[in-house]
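Below sits a lone chain in structure tokens, taken as the form predicted on its own.
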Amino acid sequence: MIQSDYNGVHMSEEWIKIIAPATISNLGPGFDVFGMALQKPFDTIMVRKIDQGIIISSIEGQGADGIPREADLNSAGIAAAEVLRRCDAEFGLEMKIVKGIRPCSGIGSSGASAAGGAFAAHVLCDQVLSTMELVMCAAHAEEVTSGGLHADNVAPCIMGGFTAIRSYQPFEAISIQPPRNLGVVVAMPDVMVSTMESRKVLPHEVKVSDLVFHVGNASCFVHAMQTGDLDLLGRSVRDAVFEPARVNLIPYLKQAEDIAMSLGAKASFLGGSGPCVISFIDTDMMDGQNIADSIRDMYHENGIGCESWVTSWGLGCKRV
């Protein structure tokens, strides 16, 4: 059924609802290559068809006041528009966004919006694009909003599980189901770190020894994901270049990582561009709540608010 609204624009009464989860990007040696979808938190995006254009009629939730409503400035709107363009769609869409992921969090807030917008538009277009094309539509939005083309958040958000990007030109990524017992502890200190700003501190050149270090650890990381070897996974979350360049952007990062490791985490590292601190745990051995509470308490003792929770890897965007 069709109704008229917004100055005579015809709109469908049928809404579809998409959940787009948080993601961890970089993952140690996998800068701009590795990513993993989480079960929570997530953004919720509702869309319906309209005659033409893209209208973002509401944005609610965490950080909503600072997120642009203009579709050409909003990552969900940009990604959806790219899908409609590639599909030669003869309609537009209205979009409502509920942010469950705080912007500037380090767990793919803009990536979830971009992936969710692309995924929702793709459903309305009867899913004619390939998975790689769909990921690149979302990555296009990330490039516009963050100043650099990277798909390490949007790839796992759309494909689910752990993803590795083999190439950007041509784009190719794979998805691997992580180990069943891989748990994730997230600590989000009350510090704002934008992806664009965090990329400015990165080095433009790396030493050959650092390159060798990253290739070795990245290779073993993928093997550990495939085989379920959490000890090897923990040893392979090593980063000689990118986290060291960003360490001064996140107060008490090393203290938080040390707390997690002392309490039995398999690994602890900076999530994405920060400020989230991510810890991997074996859920057969522990529930991770002590790590979440202890890192949160450390930040509070130093006058910085911190939210923390325990989650697991997830399956990516889905229609609900």
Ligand code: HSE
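This structure is a prediction, so every number in the text was calculated from the model and none was measured. Quick note: we count residues from 1 along the sequence shown, nothing fancier.
Beyond the structure shown, there is the form predicted together with L-homoserine (HSE), which is absent from this document and is the topic of what follows.
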Problem set entry | Options 250-258, 24-32, 44-52, 63-71; stretch whose heavy atom lies within 4.5 Å of L-homoserine (HSE) in the predicted complex | 24-32
Exercise. Is there a heavy atom of S75 no more than 4.5 Å from a heavy atom of L-homoserine (HSE) in the predicted complex?
Worked result: no
For this session: May I ask you to check whether S279 falls inside a 4.5 Å heavy atom distance of L-homoserine (HSE) in the predicted complex?
Result: no
For this session: Considering only heavy atoms, tell me if T195 and L-homoserine (HSE) come within 4.5 Å of each other in the predicted complex.
Result: yes
Exercise. With a 4.5 Å heavy atom cut-off, would you call N153 a contact of L-homoserine (HSE) in the predicted complex?
Worked result: yes
Exercise. Since exactly one of R246, K99, H140, H122 fits, which has a heavy atom within 4.5 Å of L-homoserine (HSE) in the predicted complex?
Worked result: R246
